[in-house]
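Next up is one chain by itself, shown in structure tokens, the form predicted on its own.
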Amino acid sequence: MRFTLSEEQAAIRDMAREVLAAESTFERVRIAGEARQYDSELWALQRSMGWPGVAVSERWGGQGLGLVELSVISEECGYACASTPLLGTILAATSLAGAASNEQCERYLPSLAAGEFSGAVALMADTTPVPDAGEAGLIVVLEGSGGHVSLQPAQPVETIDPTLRYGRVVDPSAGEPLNQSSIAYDSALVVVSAHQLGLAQRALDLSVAYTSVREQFGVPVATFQAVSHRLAQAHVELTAARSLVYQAAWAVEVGDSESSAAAARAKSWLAEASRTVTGSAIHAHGGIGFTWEANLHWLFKRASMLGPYLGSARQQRGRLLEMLGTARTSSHETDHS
């Protein structure tokens, strides 16, 4: 199967890229990061454009689009390193849509879709700082194929990434129980992977642009083998990553039997690739890349924080091995039945 965005999905991507290029410049990312506050103007704009409710059913006040469209928005927000609570909010909304009862959806989704309060998603028994949980009004805690939803506050945590407000859930077992559903977790993995893809792609684009004009010994730095090989490797990794992310988004959206495995593959790949590519971009910029004045560190820091979130690369590969073992056992039992 060859997956490409439809005309409508490509239009959403182009619109989001254009808006964020104008409204989420690195200058504004820096202002928000140094103040350790969200960009309130950008958040108001995202709310007015309906982004928090992109994948929420029209019944609950959303736009009724799918996980592919939501992944496009998440990728572009990662590309812009947007400093708003959108990531946590769309994760919470998507998780609730996949695991909440109709009554819970009616109570919580309209407010999330409108951005009236922000959300976040955490994993049970996981101490990894949760993006956007520091100021979230609603937190979804996923556990296996079920979980809980509550309006409890999280304990704010300062991290190396000052562009988002991280936190840890005080009581993961508190709140209302959710239905048993793997869709909620798989959807969250896809959305986060798309965001990581955007971060890494922006770092690679900045590196290509810089090394193409920066000269040493009278020639562009990009012509040096050590630099060109580094950039080529990053391109290969992100080409594979993009296929994994959007194949997973499609699989989860249509309920494909391999959707959980596809989501785990995407997250395991991006958990490492996003940090590797953003870190490699800093090296490609030479000495200037390590300075506070350079913008690459905003991308690297967020990629580093999102890597272990919702399950590290090692944990996702462990899940894949378990799925493979289960599939082989089932196949063996079928062959001998």
Partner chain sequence: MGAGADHGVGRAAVVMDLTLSADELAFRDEFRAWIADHHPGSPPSNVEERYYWRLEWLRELNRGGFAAMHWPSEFGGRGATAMLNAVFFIELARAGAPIPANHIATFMAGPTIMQWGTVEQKERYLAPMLRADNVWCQGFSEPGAGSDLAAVATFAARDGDEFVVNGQKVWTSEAQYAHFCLLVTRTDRSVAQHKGLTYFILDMSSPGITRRPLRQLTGESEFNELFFDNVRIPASSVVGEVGNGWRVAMTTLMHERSMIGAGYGIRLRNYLTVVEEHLRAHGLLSDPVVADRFADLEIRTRALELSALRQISEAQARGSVGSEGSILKLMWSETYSRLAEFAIETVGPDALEDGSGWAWEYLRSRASTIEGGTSDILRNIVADRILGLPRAR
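Positions refer to the first chain, counted from 1. Bear in mind the structure is a predicted one, so any value in this text is a computation, not a measurement.
Keep in mind the form predicted together with its partner chain is missing from the figure; the text below concerns it.
Residue (of Leu138, Cys77, Val130, Leu244) lying close to its partner chain in the predicted complex, criterion heavy atoms within 4.5 Å: Checking each option against its partner chain in the predicted complex, the one that comes within 4.5 Å is Leu244.
Could you tell me which of 157 to 165, 188 to 196, 254 to 262, 115 to 123 sits within 4.5 Å of its partner chain in the predicted complex, going by non-hydrogen atoms? In short, 254 to 262.
At 4.5 Å by heavy atoms, is each residue in Ala44, Pro110 and Ala303 next to its partner chain in the predicted complex? No.
Can you tell me if Thr278 lies within 4.5 angstroms of its partner chain in the predicted complex, counting non-hydrogen atoms only? Because no heavy atom of Thr278 falls inside 4.5 Å of its partner chain in the predicted complex, the answer is no.
Check Thr84 for me: does it contact its partner chain in the predicted complex (non-hydrogen atoms, 4.5 angstroms)? Thr84: no, not in contact with its partner chain in the predicted complex.
Using a 4.5 angstroms cut-off on non-hydrogen atoms, would Arg17 count as touching its partner chain in the predicted complex? The answer is no: Arg17 has no heavy atom within 4.5 Å of its partner chain.
Contact flag, Pro177 vs its partner chain in the predicted complex, heavy atom cut 4.5 Å: No - in the predicted complex, heavy atoms of Pro177 and its partner chain never come within 4.5 Å of each other.
Residues in 261 to 298 with any heavy atom within 4.5 Å of its partner chain in the predicted complex: The stretch 261 to 298, when checked against its partner chain in the predicted complex, contributes Arg265, Ser268, Trp269 at the 4.5 Å heavy-atom cut-off.
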